[in-house]
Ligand code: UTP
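Below, in structure tokens: the form predicted on its own, a single chain.
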């Protein structure tokens, strides 16, 4: 182990091994053994020019056509919907929920999916999604398999939460939990961050890590065994997410798209979310920080934003896309962060400015590997009520209001 750490200039990870208990030492060794040091080394080498690597030579940015759900004719709507229902009944559909987050920003200690919304909903976020799937199962006469991506921090708590609630009545053999990947944070000199003598600073590898995690865990193999061909992927914090939408999968299948996403029209030119577009003739999502004022404000002849379709993390993939992403891999984005760490003398250092790098893969980078994808534009008030903040916009209160209004207007 020491020789391996010397090879990668990370021998400081064991500097304080003699000060640890047997259990602490064992846990530290397990964390070290799980680190892909070749990947970590490459990420650090690429850090200085990461922005250039991600954006270089990808071509002109142009609008990406989207289909507005409201504009679909009744005949087309019925055809898409019925095709989706047929695929579901044949067992070719699965739902995947990304639920690796904690409820820290909500002032809640525990997995975000176990966060409980009080009156008048009186359900946890997991229960809301579970009951939505269960209602579809009743209509179909079969069970949609449900895959839940947890994290190292909340995996055990999430599984226990489901056991304590008897899986909310769902068939427990049709639910599979798997853990998201993680990467260590690196100091500016390339050393892996230690927050104390026994703890390595690790972070999730981003929602783009869902492809690798689903394959490495055996989730994709389980899908293939069941005959699944289409996988909806969404987050736990959107309480209006339609993880059981026959129209969406039917629309993609009928038009021979291998992947798709749902979009919303942005509230204003500068809403803080990525937008669908094309870059070099291929579909992609451009972050709001990368859009010029001219692009943000650009409109067509009807006064609609040319770059106004927001990516809301509601995506559908043919199962082959998961295999493709395992083979080609996604690029990692780097963020310069401020984090506490211990130095070579065991002192806790609290910096005043960013001093470390965090790496994440983004799901939407997968889009650019394909010539086209289907984008279905939906209404915000019907399908998007995220819970991200304790108060104000995108809070439990705002999401509850949208949820109740949507239930009333069904």
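What you are looking at is a predicted structure, and each value in this text was computed from that prediction instead of being measured. For the two forms, the rigid core is made up of the largest set of C-alpha atoms that agree within 1.5 Å on superposition. Residue numbers count along the first chain shown, from 1.
The form predicted together with the named molecule is left out here; the points below concern that form.
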Exercise for review: Check each of 149, 192, 310, 259 and return the one that places a heavy atom within 4.5 angstroms of the named molecule in the model of the complex.
Suggested key: 149
Revision key, fill the gap. Checking 246, 274, 110, 206 against the named molecule in the model of the complex, the residue with a non-hydrogen atom inside 4.5 angstroms turns out to be 206
Practice item. Given that the partner is absent here, state which listed stretch (84-92, 98-106, 278-286, 294-302) has heavy atoms within 4.5 Å of the named molecule in the model of the complex. Key: 98-106
Check your understanding: Can residue 155 be called a contact residue for the named molecule in the model of the complex at 4.5 Å between heavy atoms?
Key -> no
Check your understanding: Can you check whether residue 315 is within 4.5 Å of the named molecule in the model of the complex, heavy atom basis?
Key -> no
Practice item. Find out whether any non-hydrogen atom of residue 235 is located within 4.5 angstroms of the named molecule in the model of the complex, and reply yes or no. Key: yes
Point to revise | is_contact(residue 180, the named molecule) in the model of the complex, heavy atom dist at most 4.5 Å | key: yes
Review point. Out of 376-390, which residues reach within 4.5 Å of the named molecule in the model of the complex, heavy atoms considered?
Key: 388
Point to revise | Rigid core superposed: residue 102 CA moves 2 Å or more between the shown form and the other one | key: yes
